[in-house]
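Just one chain follows, in the form predicted alone, and it is written as structure tokens.
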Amino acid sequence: MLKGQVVSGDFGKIVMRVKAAAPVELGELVVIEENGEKFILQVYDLLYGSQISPQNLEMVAGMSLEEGGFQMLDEQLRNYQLALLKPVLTTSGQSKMCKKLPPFFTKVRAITKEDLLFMTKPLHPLYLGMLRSGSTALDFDLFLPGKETLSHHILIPASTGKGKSNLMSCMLWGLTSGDVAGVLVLDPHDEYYGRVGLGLKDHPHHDKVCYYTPARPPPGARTLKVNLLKLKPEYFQGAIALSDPQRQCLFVYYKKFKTEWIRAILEERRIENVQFHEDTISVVKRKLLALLDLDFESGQFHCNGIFDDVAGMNTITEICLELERGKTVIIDTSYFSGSLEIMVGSIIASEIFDKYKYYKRLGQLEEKPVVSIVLEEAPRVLGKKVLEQGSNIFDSIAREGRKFKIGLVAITQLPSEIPKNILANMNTKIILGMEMGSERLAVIESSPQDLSQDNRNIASLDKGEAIVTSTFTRFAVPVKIPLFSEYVKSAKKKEDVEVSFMGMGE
């Protein structure tokens, strides 16, 4: 379909006159084909053009409004739309970054599926959705290389109601179907497993889904209990605010009493040649009791929450083993305070990170699957104010996790709250609609591809529409994310067809 014709501009702003009645939208992909070479371009702005002076246009509008029935001669020729285009790629056998202008005065047409055949399906695919041109979803599935993308971290920034949970549900379903990675999901809204309604419990490979919850686990799920003997001082970093003396108190007691360190603090045991202020001990004791939901009377623990002095010795070990086997582990944190949720995540993340560091030293890391940790409301653990109090395990993973095949999927409404150096380490960004200009700017400034002209495009994204900018794509790709329920139907249908085909072969 003919869209228009190049009339002027420069390399970063090619001006196209839009053909009358040809629909052109922000974010739309178009093609210029000349002498066997294709230029792929994207619309980043639209404006009006006219060969009639503004004063005469105002006069004509007044006559039409006041007198009525006034017709302008040659309306489609004299008045028109202009689209501003930015070059994306050139393709002539293989795709490469565009470094030259397309021929002057050439015709511009809509993109087709055949123009995108250079985008091939990777070996370990991570499905995101269908490629989108403007508001139109093309019949072309978009995949990223799953292992590399997940280990190099993903950021999903979006305003409320733009489809973050729907996108994550689709990604988790696809990851559970394959052998790309083990995924740890800290689920503060208990929405991904699907206790009520559709969720990962309905997956054909539901044996690869492990669900831990502190409250009345459904059939096939497990009760979340963690033994107090398994806790270490570093797990509390980021979960509760601690002064330097209070932090030192934790580490000194751990060094002296090993696994019994929490009991030692609660019993206020003295350490020879080490003195802490009485207020320090009492504040640390009060914070531990509150966070761990304990009562301590007459030397006895009364455990009210997920931490226990008897049960839960193997819970963390089992979760880490399930992640190593490439399973999807969902932790229901909907009953937890924010601090407790952060601590539970810190415990598991620290253990799997230490294990993978050990495997790297032994030369066994290549045999292990990638582990991805999904963080909802990421600024709670990666925010500037949190990290001012000291580094935590999630900060460490963001900076160096890719070396050990461990990555983060950080979901947030406020990317500007995350430090720039961490945003820059998120090598894939799946940008959904964002109304706030300051948040768009934070993402644009840290994106792998140049999005400086896409501010309006991002602001205009509707629910389920996204822009994927990644070191693993040749350009910032517009994507239409399917509705989770529809994606599940199509995925199940496809799997049934594949099973039937294999059965015929046998």
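Heads up: residue numbers just count along the shown sequence, starting at 1. Because the structure is predicted, anything quoted here is derived from the model rather than measured.
This next part talks about the form predicted in complex with a small molecule, which is not shown.
None of Thr176, Asn427, Ser151, Ser159 but one reaches within 4.5 angstroms of the small molecule in the predicted complex through a heavy atom, and that residue is Ser159. With the partner omitted here, the residue from Ser165, Ser416, Ser346, Thr91 that has a non-hydrogen atom within 4.5 angstroms of the small molecule in the predicted complex is Ser165. Considering the small molecule in the predicted complex, the lone stretch of 475-483, 46-54, 26-34, 435-443 in range is 475-483 [heavy atom distance within 4.5 Å]. Taking the partner from the other structure, the small molecule in the predicted complex has a heavy atom within 4.5 Å of a heavy atom of Lys463.
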